[in-house]
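A single chain comes next, written as structure tokens; it is the form predicted on its own.
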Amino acid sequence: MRLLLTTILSSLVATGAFAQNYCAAGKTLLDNKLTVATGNPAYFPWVMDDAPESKNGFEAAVVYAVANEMGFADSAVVWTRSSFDQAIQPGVKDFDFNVQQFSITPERDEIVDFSAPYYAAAMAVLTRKTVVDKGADTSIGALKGLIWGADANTTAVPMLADIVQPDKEPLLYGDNADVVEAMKANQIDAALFDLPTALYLSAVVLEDGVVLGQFPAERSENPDEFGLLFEEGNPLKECVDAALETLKQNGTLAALETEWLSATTGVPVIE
């Protein structure tokens, strides 16, 4: 009987998704389930209609692709919610991993773990029509003269300092929602967001929002890359990394990016 069981397990481990499922065995919070956290709310185009279980939206689709590659059925994915700030704090987590456009940084990597990158984001300038009407354009000279705001926890802060070098120090806020509210209140002229988020904010949140231009990822020495976030030392990371590598090699990640984060935006590139 033991020989038969060993033979069956060896056969499963040797085949694609079952091999990944074997890797994940005993490493998830719930047996045979994958608990995934996202924002509350989760925004377009990362999650459509704040419903990650629909599998619609780039990050929702990536999660199910990773889960399937590891051998989990769609029904085995359990969703929970957390704030961005809660997730990046050290300590015990109530999720296996969290997907919420977390930029991978050395500072964060000291207190949490990240998967291999699943997306490299272009950064875009979000402003308002009133600012454009006053003469704002994509020249660095014009950008320097704007009053900038930024989430103090994001890579927008060093990018502003390195590339734009504004005449006035950026006003720093606790999260991106506060940055948007500051723009509505005319406290700031502009802010940097990843391109898909900037497009959403300009179309849905700001009545007169404008995506002025985008900085290509290669403009920065260290492009902003998003990773799935784990509790420090979580052994599931190796299984997720293997799944992401397969999805990268077989073209799945690129296809999902094309489907949900189309590069054809019409937003000019800032040289």
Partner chain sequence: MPTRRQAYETRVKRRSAVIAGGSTLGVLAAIVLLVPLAPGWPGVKKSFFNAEVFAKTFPGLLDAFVWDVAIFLWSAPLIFLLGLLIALARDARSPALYPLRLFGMFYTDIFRGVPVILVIYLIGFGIPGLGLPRPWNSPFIWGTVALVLTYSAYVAEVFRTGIESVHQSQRAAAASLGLVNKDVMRYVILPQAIRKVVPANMNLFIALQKDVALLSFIGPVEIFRQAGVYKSLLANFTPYVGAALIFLAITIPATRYADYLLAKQLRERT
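Please read all numbers here as calculations on a predicted model, not as lab measurements. Positions refer to the first chain, counted from 1. Here, rigid core means the biggest group of C-alpha atoms that superpose within 1.5 Å across both forms.
Below: the form predicted in complex with its partner chain, not depicted.
### Task
From the candidate stretches 135-143, 72-80, 106-114, 196-204, select the single one in contact with its partner chain in the predicted complex, where contact means a heavy atom within 4.5 Å.
Residues of 106-114 come within 4.5 Å of the partner.
#### Entry: Contact residue in the predicted complex, chosen from N98, T154, T127, Q101 - any heavy atom within 4.5 Å of its partner chain
Of the listed residues, the single hit is T154.
### Message
Quick check on this chain: which one of D94, D162, D167, D85 has a heavy atom within 4.5 Å of its partner chain in the predicted complex?
### Response
The residue from D94, D162, D167, D85 that makes the contact is D85.
### Task
Can you work out whether its partner chain is within 4.5 angstroms of a heavy atom in all three of G39, E231 and G233 in the predicted complex?
None of them does, since no heavy atom lies within 4.5 Å of the partner.
### Query
Is I188 close to its partner chain in the predicted complex, meaning a heavy atom pair under 4.5 Å apart or at it?
Contact with its partner chain, yes.
### Query
Would Y173 count as a contact of its partner chain in the predicted complex, using a 4.5 angstroms cut-off between non-hydrogen atoms?
Taking the distances in the predicted complex, the answer for Y173 is yes, it comes within 4.5 Å of its partner chain.
### Task
Would you check, heavy atoms only and a 4.5 Å threshold, whether I147 touches its partner chain in the predicted complex?
Yes, contact at 4.5 Å.
### Message
Is it the case that A120, even though its partner is missing from this view, gets within 4.5 Å of its partner chain in the predicted complex, heavy atoms only?
### Response
So A120 does not count as contacting its partner chain.
### Query
If you line up the core, does D151 shift 2 angstroms or more at its C-alpha between the shown form and the other one?
After core superposition, the displacement of the D151 C-alpha between the shown form and the other one reaches the 2 Å mark, so yes.
### Task
Superpose on the rigid core, then tell me if the C-alpha of L171 is displaced by 2 angstroms or more between the shown form and the other one.
L171: C-alpha displaced by 2 Å or more between the shown form and the other one.
### A177 and P106, C-alpha gap in the predicted complex relative to this structure (3 Å or more)
The answer is farther, because the C-alphas of P106 and A177 separate from each other in the predicted complex by 3 Å or more.
### Task
Compare the CA separation of N176 and E110 in the predicted complex with the one in the displayed structure, and answer closer or farther (the difference is at least 3 Å).
Compared with this form, N176 and E110 lie farther apart in the predicted complex.
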